[in-house]
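The chain below stands alone and is given in structure tokens; this is the form predicted on its own.
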């Protein structure tokens, strides 16, 4: 038995971990999640907004980090729409405009928010920080139409919206550059607008000094942050299931490590015993 376990085909290990990851998506486990202070601050920034507040949500991530950033966006849109806030979505990344369309439609279906009245998707504009500075006093100068070509003046919720001064909160989903750092420099530094963000776990350390200094008022860090936010909203979703899957994968890996060490110890014990018996003979 020890020899068979020692030479176990690694494909069985891959299969076991695959099963451990799939199970939580089919049968959600609902493992307890402790909410961090940063996530609480993020939640409170939205919770304290008066009804009718206008939030600019920037979708600055691509397919590679969708699994971390998209659940954050979906949860935040649900939170904003249930708070009767209005959302202006835009993107400094090409793929972001399409992710914005997907997230807005999903949230609207769940909450009953109406396009043009409760939210608008202004689409993608190349230029990064140049766009943010150029649109400072007049967003329409860089975003004259929405993603579907409707003119600014034909969209009811944009009435009265000028530059960053008319936006109540910036929410940036950021996986790199351009992203939240550009919003802090331009919109936070020059127009003193409050900023919250959701980042990938890898880029979160880059944003934390800005959180600690108060330049960013709340942050969701990777899938863990998204799952904490879902817990606070009492709306477990993709991030909570993802954390269950990660936990199960970690348990499986730890079990294999323990098993490997036990097998190694038993093999050493057997070899030592055999050497003693052979020596005595």
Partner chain sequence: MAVSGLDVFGLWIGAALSLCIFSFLYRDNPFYRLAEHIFVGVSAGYYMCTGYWQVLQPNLIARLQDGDWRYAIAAVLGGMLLMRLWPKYAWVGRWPLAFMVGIYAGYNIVYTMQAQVLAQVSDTIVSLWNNPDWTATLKNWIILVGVLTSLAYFYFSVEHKGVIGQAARVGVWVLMITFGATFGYTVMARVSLLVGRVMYFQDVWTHTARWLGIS
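Because the structure is a prediction, the values reported are computed rather than measured. Positions refer to the first chain, counted from 1. Each form is matched to the other, and the largest set of C-alpha atoms that superpose within 1.5 Å is called the rigid core.
The following text describes the form predicted together with the partner chain, which does not appear among the structures shown.
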query	finding
Candidate site 17, 213 and 238: all three near the partner chain in the predicted bound form by heavy atom within 4.5 Å	yes
Heavy atom of residue 246 within 4.5 Å of the partner chain in the predicted bound form	yes
4.5 angstroms heavy atom contact with the partner chain in the predicted bound form for residue 52	no
Residue 68, heavy atom within 4.5 angstroms of the partner chain in the predicted bound form	yes
Distance check, residue 124 to the partner chain in the predicted bound form, heavy atom within 4.5 Å	yes
Partner-facing stretch of 77 to 85, 195 to 203, 148 to 156, 164 to 172, counted where any non-hydrogen atom is within 4.5 angstroms of the partner chain in the predicted bound form	195 to 203
Residues of stretch 126 to 160 in contact with the partner chain in the predicted bound form (4.5 Å, non-hydrogen atom)	126, 127, 129, 130, 133, 141
Exceeds or equals 2 Å, Cα of residue 251 between the shown form and the other one, core fit	yes
CA-CA separation of residue 253 and residue 200, closer or farther in the predicted bound form than in the form shown [shift of 3 angstroms or more]	closer
Outcome for the Cα pair residue 24, residue 102 in the predicted bound form, compared with this form (closer or farther; change of 3 Å or more)	farther
